[in-house]
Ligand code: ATP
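Here's a solo chain for you in structure tokens, the form predicted alone.
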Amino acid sequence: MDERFFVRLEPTADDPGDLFEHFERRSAGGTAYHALPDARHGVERGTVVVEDADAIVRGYPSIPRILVLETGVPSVFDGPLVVEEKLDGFNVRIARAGEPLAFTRSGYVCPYTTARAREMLDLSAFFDAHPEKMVCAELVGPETPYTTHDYAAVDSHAFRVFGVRDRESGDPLPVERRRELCAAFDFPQPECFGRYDPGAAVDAVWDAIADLDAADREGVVLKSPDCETLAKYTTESQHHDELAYAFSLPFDRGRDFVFSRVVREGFQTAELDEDDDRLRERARDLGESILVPMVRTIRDVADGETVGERHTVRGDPDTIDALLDHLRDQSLSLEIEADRREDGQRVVEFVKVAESTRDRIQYYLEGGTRDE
């Protein structure tokens, strides 16, 4: 990789080789690029260099999580903050690197998300006016290759733009400016619950969380008006949904994934200081999130059923073929359950087979033992 990119990336490494050895060479649709799968030397995970386009696409920063709102909000924010909905979707950065491409958090070009973004967002007009920017968005809805959360008014899938940043530096647009810019290009955005002083923000966040929890939605992102300071907070229903997902694939999801969700639930419950009846209700719900999906998976394996993540996608045949190849290139085992045409589009239902869970459960069912 050309050393001039080393200077533009502004890493903490002293030598280009120390940084560039961590980049992986990849290609998609005829575009060759280098991606950083993990944060290194002050450069964010998912940062991409497309040499032929002379483009750097900066990785999206990690957002810290607040566990106790009463103390966490004033600790993180020393001035006004904006509260926006956090959506349960697939996070991508869309940038023009020769042509508009959608990059995943780890720096892969997703052919499916790229094709859908080009069709559903007016990217040509946006990048003609703002070639140096990147659009940060969630792909949400029941028909995506990565998540399957249902949202009202989203029958298949949709984009929600939650940020616009400088493509190379990663510097964000202020919240108000971003919302104005996205509105001008008809880019859908997450709901904004308002702007608050820190003293009033805690109650405002609780109100938003209560409404989102009742609707089985994920949570909120708190942002300083300049978007330089970010924090997130999630709902009880999200904690339980994620635990149910993890325990439906108990040997494919790490212990850290499970423990972090239990910790979130514990701190939220303690802060709310609800009575014993409500505490027991939460405990029962938490237990059901853990035990019920695991038992169902064990029974499915015993019955010879395929276990894994089920998804439905739709688009033109070439895009679907490119997506399936992309997933298989990441060593995922796919089982196609349905492949049909609807309204001129190809619709494929498939399972990302959870091989570790399937094989381990089968081993135990056949009398295998477990060292603990």
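Because the structure is predicted, anything quoted here is derived from the model rather than measured. Throughout, we count residues from 1 along the sequence that is shown.
Below, we turn to the form predicted together with adenosine-5'-triphosphate, even though it does not appear here.
With the partner omitted from this view, the residue of Phe193, Phe126, Phe77, Phe162 that lies near adenosine-5'-triphosphate in the model of the complex is Phe162 [heavy atom within 4.5 Å]. Proximity to adenosine-5'-triphosphate in the model of the complex, taken as a non-hydrogen atom within 4.5 angstroms, holds for one residue of Arg93, His239, His157, Lys223, which is Lys223. Just one listed stretch, out of 28-36, 332-340, 315-323, 55-63, contacts adenosine-5'-triphosphate in the model of the complex at the 4.5 Å heavy atom level, and that stretch is 55-63.
Within 4.5 Å of any heavy atom of adenosine-5'-triphosphate in the model of the complex lies no heavy atom of Arg282. Contact annotation for Lys232: at least one heavy atom lies within 4.5 Å of adenosine-5'-triphosphate in the model of the complex. Though the partner is left out of this view, Leu87 does reach within 4.5 Å of adenosine-5'-triphosphate in the model of the complex, counting heavy atoms only. adenosine-5'-triphosphate is not drawn, but in the model of the complex it has a heavy atom within 4.5 Å of Arg105.
Along 119-143, a single residue, Glu138, places a heavy atom within 4.5 Å of adenosine-5'-triphosphate in the model of the complex.
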